[in-house]
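Just the one chain here, the form predicted alone, laid out as structure tokens.
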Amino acid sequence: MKVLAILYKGGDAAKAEPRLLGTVENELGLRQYLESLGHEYVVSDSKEGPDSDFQKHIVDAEILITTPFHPGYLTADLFERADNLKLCVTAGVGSDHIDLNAAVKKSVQVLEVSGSNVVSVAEHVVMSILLLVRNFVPAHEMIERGDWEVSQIARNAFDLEGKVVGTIGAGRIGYRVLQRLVPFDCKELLYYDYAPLPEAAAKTVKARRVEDLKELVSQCDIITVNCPLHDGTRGLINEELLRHFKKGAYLVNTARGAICDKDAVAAALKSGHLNGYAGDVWNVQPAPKDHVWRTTKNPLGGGNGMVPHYSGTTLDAQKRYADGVKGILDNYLSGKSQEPQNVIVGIGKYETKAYGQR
């Protein structure tokens, strides 16, 4: 059978560092394994347009492996052409680049490596919160320029202690963010989720659930987005919701770029209504060079903590999700049951509520 993998190009870095497993060059470490079993393994970063390797090979591939960091968007139209497709595997977490309703309709299974990136992303969230609150980026840029004006930095630098922090989504990543915030002695930790945390878990992090999103954001100094992208969360943070944010609040989004209205967030940052926006996810990836999130800053020239999508693809995370993909393939090829937490779409039905209550 044919296995098609759409990964990101690593270039010289991937050649020098074999632990960059999620790259085209290092192929998730799967080539010898698959070819030893007689299967064809096609790996490419070419994913855009009808002449891309993605669209050429999807027509007869039985397994598709994609990654959230360089997503191959498997639309309903492409599903209609993918007559041999039986299994889609996300090397990482987050399968919103796949039309899941179409997968259900076509009885194509969709799996991801659940938990492979949760620690990596949670650490990135806390780092992003700190770099915004402490006004770190402008301070570093000042040093690079050769300047030294402490007052220009300190006038917009604060402590995390005593602040109210809220997470939109308190699942595997959101909860770990709350855990990591406990030692900072925040004034209060809040969360918004369709399902309440188990009582013992909520007590452990001393987190209070707020059932109305507008009420949550109006109380928070810092909001972090840790929910999947689906029909119910697309454009969730828009111009109307941003009006309910505290003036000068910070927003961190390491979930999916399309959860935020890019122009509304940029306008809020430019006006100073948001004091900072940070994250590593973009509504289109790779992000266009003129994407507004690359350059928008607050009125004091700071508040931008955007980076390329890498929070969940540290070398540690790449080892976890590469091992996880191999495990999923092993189960599929040998007819074994998949680990339930990895299954997004089973045969003709959803197996999770992570992508909206269905």
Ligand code: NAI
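Counting begins at 1, following the sequence as shown. Predicted model, so just to flag it, every value in this text is computed and none were measured.
Although not depicted, the form predicted together with this ligand is the subject of the following passage.
This ligand is not drawn, but in the predicted bound form it has a heavy atom within 4.5 Å of D193.
Contact check for F69: a non-hydrogen atom falls within 4.5 Å of this ligand in the predicted bound form. Put simply, A82 is far from this ligand in the predicted bound form: not one heavy atom of it is within 4.5 Å.
This ligand is not shown here, and in the predicted bound form it never comes within 4.5 Å of any heavy atom of Q152. When contacts are defined as a non-hydrogen atom within 4.5 Å, all of V93, I168 and T233 contact this ligand in the predicted bound form.
Note on contacts: among I173, L132, L251, C260, the single residue with a heavy atom within 4.5 Å of this ligand in the predicted bound form is I173. Residues placing heavy atoms within 4.5 Å of this ligand in the predicted bound form fall in a single listed stretch, namely 304-312, out of 290-298, 304-312, 44-52, 23-31.
Residues D280, V281 are the ones in 260-282 with at least one heavy atom within 4.5 Å of this ligand in the predicted bound form, listed in sequence order.
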